[in-house]
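Just the one chain here, laid out as structure tokens, in the form predicted on its own.
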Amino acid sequence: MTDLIAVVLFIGVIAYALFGGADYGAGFWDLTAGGAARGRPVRELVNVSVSPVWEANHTWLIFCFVTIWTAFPQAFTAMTTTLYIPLGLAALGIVARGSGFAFRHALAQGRGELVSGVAFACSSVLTPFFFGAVAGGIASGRVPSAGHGDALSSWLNPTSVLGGVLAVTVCAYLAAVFLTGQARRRADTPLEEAFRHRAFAAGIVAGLVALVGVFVLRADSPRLFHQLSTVGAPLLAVSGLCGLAALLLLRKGGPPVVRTLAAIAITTVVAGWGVAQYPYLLGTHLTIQQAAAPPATLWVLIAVSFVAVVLIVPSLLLLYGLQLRRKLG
């Protein structure tokens, strides 16, 4: 049963990587769009694409936190008492991002628009970096089972920096693919072409970061490197192939096909991390079985998760469907 809960938790992680990743990546392109006049078309596309869904995308983050503190309280305590700096900065980034995005609509001109836009865009880049750094600290075994690990070296280390940079580049790639499709639906050819170029650039950069990451993990996290190069290798290969296919089809492929390939690329790379991490929840010193809550708690959590899937997933599918069909403002 603990393995089932771990799978449920990782499904939530993958969902947040997909939907939250595209959300954060849109902020990256907002940040790099240029000055007020030059960047206005990009920011308008980001606004209409993100506005209806940006709050819903964080549902998965809440789901992950609730699941881990309920099902694996020891691991949750160890993470929060060790990685409280990047987790706190990520939480601050989420608040700053939401506030900036909301106020940018209200303060449509002048200095207020500039300040709120900068808050939204900068926090869109920093927040996924901190989440990636947290993942790196956990995967490299720098979070002790008893918690209260080193507050700095637990996330300021090669694997965490790699995780942070990879998270930012992957979010940018995913968002560029999605926004290319959005621009095509609006028959905005110049913007579609611009985001196609951005998707190519982000995909190449993400691939280079992943390539460099091989050497970083080999030196800094030998166990994770070994697992990724053995049991996780098939998933990483699928990720690379789908990511490459999505880039090749950006010009002629239909948006649903390209979007699906990009989503599979992200899903399989996150799943590869999960497979490589198994059976440990923290490094190589706390297994999923050891960290699990009592069986009664896990059964209740499974039941609640099932109800949540029945109630929430159809609502989210309806929301995303309406958004893709441009039925939402």
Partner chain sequence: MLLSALPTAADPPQLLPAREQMAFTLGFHIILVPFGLAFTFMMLVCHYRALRRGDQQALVLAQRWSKVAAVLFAVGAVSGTVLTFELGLLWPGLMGTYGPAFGFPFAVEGLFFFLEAIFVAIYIYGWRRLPPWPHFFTGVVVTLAGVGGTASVIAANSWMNQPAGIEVRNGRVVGVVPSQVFFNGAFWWEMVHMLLAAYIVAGFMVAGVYAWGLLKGRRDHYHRLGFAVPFTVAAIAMPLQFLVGDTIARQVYDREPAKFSAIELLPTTGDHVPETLGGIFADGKVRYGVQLPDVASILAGFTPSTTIKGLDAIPAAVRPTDSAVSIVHLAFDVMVATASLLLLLALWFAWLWWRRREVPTDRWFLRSSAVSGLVALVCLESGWVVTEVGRQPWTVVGLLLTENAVATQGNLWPLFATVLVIYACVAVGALYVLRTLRRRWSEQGTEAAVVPYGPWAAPATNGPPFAGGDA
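Positions refer to the first chain, counted from 1. Because the structure is a prediction, the values reported are computed rather than measured.
Beyond the structure shown, there is the form predicted together with the partner chain, which is absent from this document and is the topic of what follows.
Contact check for Glu55, Val300 and Val304: all three have a heavy atom within 4.5 Å of the partner chain in the model of the complex. Picking from 244-252, 177-185, 198-206, 81-89 the stretch near the partner chain in the model of the complex, with a 4.5 Å limit on heavy atoms, gives 81-89.
Interface membership of Gly34, defined by any non-hydrogen atom within 4.5 Å of the partner chain in the model of the complex, is ruled out.
Taking the partner from elsewhere, Ile264 is found to have every heavy atom lying beyond 4.5 Å of the partner chain in the model of the complex. Among heavy atoms of Phe28, none comes within 4.5 Å of the partner chain in the model of the complex. The partner chain in the model of the complex is approached by Gly98, whose closest heavy atom lies within 4.5 angstroms of it. If you take 123-148 and check each residue for a heavy atom within 4.5 Å of the partner chain in the model of the complex, you get Phe131, His148, in sequence order.
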